[in-house]
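First comes one chain, alone, set out as structure tokens in the form predicted alone.
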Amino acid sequence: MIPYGSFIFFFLIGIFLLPTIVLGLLGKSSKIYNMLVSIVILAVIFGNSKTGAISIILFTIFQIVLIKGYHHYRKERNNTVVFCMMVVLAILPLVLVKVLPLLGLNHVFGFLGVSYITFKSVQIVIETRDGMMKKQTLPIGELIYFLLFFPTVSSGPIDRWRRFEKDVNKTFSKEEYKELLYLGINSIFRGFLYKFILAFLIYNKILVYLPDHATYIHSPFWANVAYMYTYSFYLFFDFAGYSAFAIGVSYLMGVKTPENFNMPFISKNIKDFWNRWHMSLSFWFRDYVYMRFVFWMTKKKWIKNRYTVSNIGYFLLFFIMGVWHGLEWHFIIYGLYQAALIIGYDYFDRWNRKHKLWPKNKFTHVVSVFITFNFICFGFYIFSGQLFK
């Protein structure tokens, strides 16, 4: 069963989380019960596929052994080669999932959510390396709960272990839980509006006819322009709706899963956009790819110009992000396009701070939002693959 894909799924969640809500309103912890509920819902999600169920069990065991093993090792030693090996091992199943099908080979770890569980695992390994986990005991039960937290298991948002662990072990007061309950229900209803009303109508009433079957648009060029903007709004409402569901259900379970979208289409520049769009993913890549690369290059002093280092970091970040979406050319080109935009904006921003030819006022703000919006939509047009058909 696809998470949040049918009303039956919501009905099951409502039934299973009713005791959670009651305990929360009484000011009592529901941690153990929520862990059991996660197992049950995961069984519902993956139960129809024997291969998927086996894959997620083997994958979870593999990641837990890796995390616990490195955590134990890091208490005594800190070898860079060992750290790199742990990161490579953590992402290896995801790489195999992406590469082996292209070679006509089967893989073991192909299941819904493998990417987002991998991101969580890599994050723990990196923060263990940084010494942030020395005082953490990393209980196996809570680690499994973190990796397989059912509201976000398939497509995020991507939480961070230390933040998640604090919420899980906190007993909210009656008033605090009432606030969480209100915010959670509000988020779920926003998800229904976005995904099952707006995204549904945009797709079924407009997008399915574009660009080839639009009887009211006779020019192929303008039909593709219409497709570009329509697809951009569909993508936002569909994904933001899913994220709203995941966040809302998380709140009902006492976990304040971070927001994923913050009005991205009113971004004033491309950097602002990536601080608003799929925020948990963009912040993950920023913290664990871009910042790591820049720090490493600065430490080694192989390239002295910090702007060159930053640009290479942006290229690396968005290239990896594009490849993560898929090994098809349109995903890779989408990543390179985003890298070019952010490098270009970074250059313009430095140039403008020196020459001050683009002042900051209401008019330039509106123009900046309009320009950014169009660049964003063209990026999604590339992402859709329609440009290359």
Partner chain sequence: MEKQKVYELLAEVCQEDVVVEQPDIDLFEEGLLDSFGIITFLVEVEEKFGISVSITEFTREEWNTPNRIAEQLAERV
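This is a predicted model, so every value here is computed, not measured. Numbering follows the first chain given and starts at 1.
Another form exists, predicted together with the partner chain; not displayed. Remarks below refer to it.
*Asks:* Out of 78-86, 201-209, 177-185, 291-299, where are the residues with a heavy atom within 4.5 Å of the partner chain in the predicted complex?
*Replies:* Flagged stretch: 291-299.
*Asks:* Can you pick out, from 312, 197, 96, 132, the residue that has a heavy atom within 4.5 Å of the partner chain in the predicted complex?
*Replies:* By the 4.5 Å heavy-atom cutoff, the listed residue in contact is 132.
*Asks:* Just one of 265, 307, 192, 222 has a heavy atom within 4.5 Å of the partner chain in the predicted complex. Which one?
*Replies:* Result of the distance check: 307.
*Asks:* Looking in the predicted complex, is the partner chain within 4.5 angstroms of a heavy atom from every one of 259, 276 and 365?
*Replies:* No, the whole trio is out of contact, none within 4.5 Å by any heavy atom.
*Asks:* Using the partner position in the predicted complex, report whether residue 162 sits within 4.5 Å of the partner chain, counting heavy atoms only.
*Replies:* Output for residue 162 is yes: heavy atoms within 4.5 Å of the partner chain.
*Asks:* Even though the partner isn't displayed, in the predicted complex is residue 127 close enough to the partner chain, meaning a heavy atom within 4.5 Å?
*Replies:* Contact with the partner chain, yes.
*Asks:* Can any non-hydrogen atom of residue 353 be found within 4.5 angstroms of the partner chain in the predicted complex?
*Replies:* Although the partner chain is absent here, residue 353 would touch it in the predicted complex, with heavy atoms inside 4.5 Å.
*Asks:* Counting only non-hydrogen atoms and a 4.5 angstroms cut-off, does residue 271 reach the partner chain in the predicted complex?
*Replies:* Residue 271: contacts the partner chain in the predicted complex.
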